[in-house]
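Take a look at this single chain, the form predicted on its own, given in structure tokens.
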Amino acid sequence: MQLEGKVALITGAASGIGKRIAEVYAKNGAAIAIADLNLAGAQATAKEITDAGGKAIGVAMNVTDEAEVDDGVAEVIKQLGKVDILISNAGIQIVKPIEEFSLAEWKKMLAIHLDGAFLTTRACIKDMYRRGDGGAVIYMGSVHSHEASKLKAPYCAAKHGLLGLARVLAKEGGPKGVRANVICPGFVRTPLVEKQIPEQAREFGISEDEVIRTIMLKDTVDAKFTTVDDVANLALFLAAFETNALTGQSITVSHGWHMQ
């Protein structure tokens, strides 16, 4: 029970990577706040965790809305007492060439990935600082935090930006016991990635199988997708690591897609 007594707030946790992290954290003793734009989905995931013997609540949260983030974090603290761990995981994907992106699409991508990370961080670290017990902030980056791919200009820009935010928080939060790190997964077959396969096939004029073989898995060492368990297990390790020896880092989990 590596996280016994801890409270974790996980955004975008009604499905995919966020949901699996929530499940793994709950099995390791943490109380979980499932924060998602989809309140029904958040509540359903929370119920699955509680039915399995864990402790969880669902919270509606649009991570781009300042008031909704602040109110949501306040509700989590009211119900669960505190926030020890923030997983900033909410994200979307839009795939097209730079010249076809509208400014509205660009702003939407950066708002969800970067504004959302900033707003949730600000709200949670106030509680961490006030209590004086430290904490962990984990950002869901990507191999695209370090590498570029065609058709993903705002996504790559946003994921690169998370590295800077994490490093600043590591320096500011370090003296107060707050660690900040970035997980950088390769392609994980979540609904977000499944949606990209036909989109990229159309843009590049190739088959969906070729997208998988020649784009998504081409640079892995074993032609395998990263799994939600791969990411969740790393998230558990980072949350349970209790000293500033591991902070301000980005850790890639990608079957060798990107190597540092």
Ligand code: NAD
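Worth saying up front: this structure is predicted, and the values here are computed from it rather than measured. Start at 1 and count along the sequence shown; that's the residue number.
One more form of this protein exists, namely the form predicted in complex with nicotinamide-adenine-dinucleotide; it is left out here, but the text below deals with it.
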TODO: Spell it out for me: taking nicotinamide-adenine-dinucleotide in the model of the complex, does every residue among L37, I92 and G141 have a heavy atom no farther than 4.5 Å from it?
DONE: yes
- [ ] Have a look at V178, I112, V83, A123 for me and say which one sits with a heavy atom within 4.5 Å of nicotinamide-adenine-dinucleotide in the model of the complex.
- [x] I112
Task: Per-stretch contact check against nicotinamide-adenine-dinucleotide in the model of the complex, the hit in 151-159, 129-137, 99-107, 166-174 (non-hydrogen atom, 4.5 angstroms) - done: 151-159
TODO: Please run the contact check for N244 against nicotinamide-adenine-dinucleotide in the model of the complex: heavy atoms, 4.5 angstroms, yes or no?
DONE: no
Task: Contact test in the model of the complex: I77 vs nicotinamide-adenine-dinucleotide, heavy atoms, 4.5 Å - done: no
Open item on the list: Does any part of A239 reach within 4.5 Å of nicotinamide-adenine-dinucleotide in the model of the complex? Heavy atoms only, please.
Closed with: no
- [ ] Report whether the minimum heavy atom distance between Q249 and nicotinamide-adenine-dinucleotide in the model of the complex is within 4.5 Å.
- [x] no
Open item on the list: Heavy atom within 4.5 Å of nicotinamide-adenine-dinucleotide in the model of the complex: which residues of 4-33 meet that condition, in order?
Closed with: G12, A14, S15, G16, I17, G18
